[in-house]
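Only one chain is included here, represented as structure tokens and corresponding to the form predicted alone.
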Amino acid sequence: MNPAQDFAIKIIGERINPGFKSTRALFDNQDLAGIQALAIKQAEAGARYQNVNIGAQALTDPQWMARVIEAIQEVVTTPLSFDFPSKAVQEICLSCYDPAKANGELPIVNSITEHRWDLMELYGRFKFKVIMMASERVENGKALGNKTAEQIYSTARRAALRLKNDYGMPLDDIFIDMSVSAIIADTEGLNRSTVEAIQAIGADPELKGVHMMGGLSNIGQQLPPKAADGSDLKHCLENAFLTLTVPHGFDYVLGTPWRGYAPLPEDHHVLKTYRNFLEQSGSNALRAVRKFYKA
């Protein structure tokens, strides 16, 4: 049984990405059979979507990305997510994607922001779902990073309703990427802001049906590999974050499908320490992080 399914979490498989050395080797060797095997492995592990990212090669050889997409669709029916900020690359991806080979399901365009909205010019000619980054907003014509819960929530709400009202996109087709920061140097309460923004989005009746997602691998960066109880600290931190956010509608993780996720019990050391960390700011937050080192 897949723990992720028990926890009402769905996975967007992340492994078709040159950020992983083994996958980069497949791309370098143009090993389509190896890429297909990886897609099959993610599908068998329960991936709901598979993210496709071939890196900078998408610009220098966009037809190679098209070949990758076609090869993946030959062996799995998982719908795909196309991960590149270029409108020209996304157009190629959407052109070669065959919904019939994904049981009629639409692909995902990954991703747009308020200051990078040009990808929506493709909507109409193509139908797709979209990942919208809530970490950045446009203010007085400038792109600014969001730091407070109100800024994150307001950006997410504004963009989601714009997609719904201006483009007729169903809220179920909108994925709001809630950026999750590393706790090791989080003296500004960014984790707390993200958790509070998720709560606000989940409580907003006008946003009912929208999905919230994110990649969790950053959260435990530069922390020791093991928690005080000997368990995988980074994975425990990911589960601590999910324990606090899944009840409020955070329902997708961009991650490795076979990693598995489950809620932590209330008395779990990592959950208790993470809760304490979220209540701190400045140097107190750094002192709270040190508790992860203690046996």
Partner chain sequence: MPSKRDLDLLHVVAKAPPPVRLSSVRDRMRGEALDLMRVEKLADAAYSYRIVELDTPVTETLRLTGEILHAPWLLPASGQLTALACAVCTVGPRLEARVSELFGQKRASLALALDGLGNELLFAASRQVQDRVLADVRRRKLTMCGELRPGDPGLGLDAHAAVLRLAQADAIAVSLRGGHTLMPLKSASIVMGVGIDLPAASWSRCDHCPSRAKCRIVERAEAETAL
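All values reported here derive from a predicted model rather than from experimental measurement. Positions refer to the first chain, counted from 1.
One more form of this protein exists, namely the form predicted together with its partner chain; it is left out here, but the text below deals with it.
S.K.: Please run the contact check for residue 36 against its partner chain in the predicted complex: heavy atoms, 4.5 angstroms, yes or no?
M.R.: Close contact exists here: in the predicted complex, residue 36 approaches its partner chain to within 4.5 Å, heavy atoms only.
S.K.: If you check in the predicted complex, is residue 231 within 4.5 Å of its partner chain, heavy atoms only?
M.R.: No, residue 231 stays farther than 4.5 Å from its partner chain in the predicted complex.
S.K.: Applying a 4.5 Å heavy atom distance criterion, does residue 106 contact its partner chain in the predicted complex?
M.R.: Judged by the heavy-atom cut-off of 4.5 Å, residue 106 is well away from its partner chain in the predicted complex.
S.K.: In the predicted complex, is there a heavy atom of its partner chain that lies within 4.5 Å of any heavy atom of residue 61, even though the partner is absent here?
M.R.: Residue 61 lies outside the contact set for its partner chain.
S.K.: Which of these stretches, 26-34, 222-230, 266-274, 61-69, has heavy atoms within 4.5 Å of its partner chain in the predicted complex?
M.R.: It is the stretch 26-34.
S.K.: From the list 118, 188, 74, 150, which entry has a heavy atom within 4.5 Å of its partner chain in the predicted complex?
M.R.: Comparing distances to its partner chain in the predicted complex, the residue within 4.5 Å is 74.
S.K.: Would you mind checking 97-123 for residues with a heavy atom within 4.5 Å of its partner chain in the predicted complex?
M.R.: Contacting residues: none.
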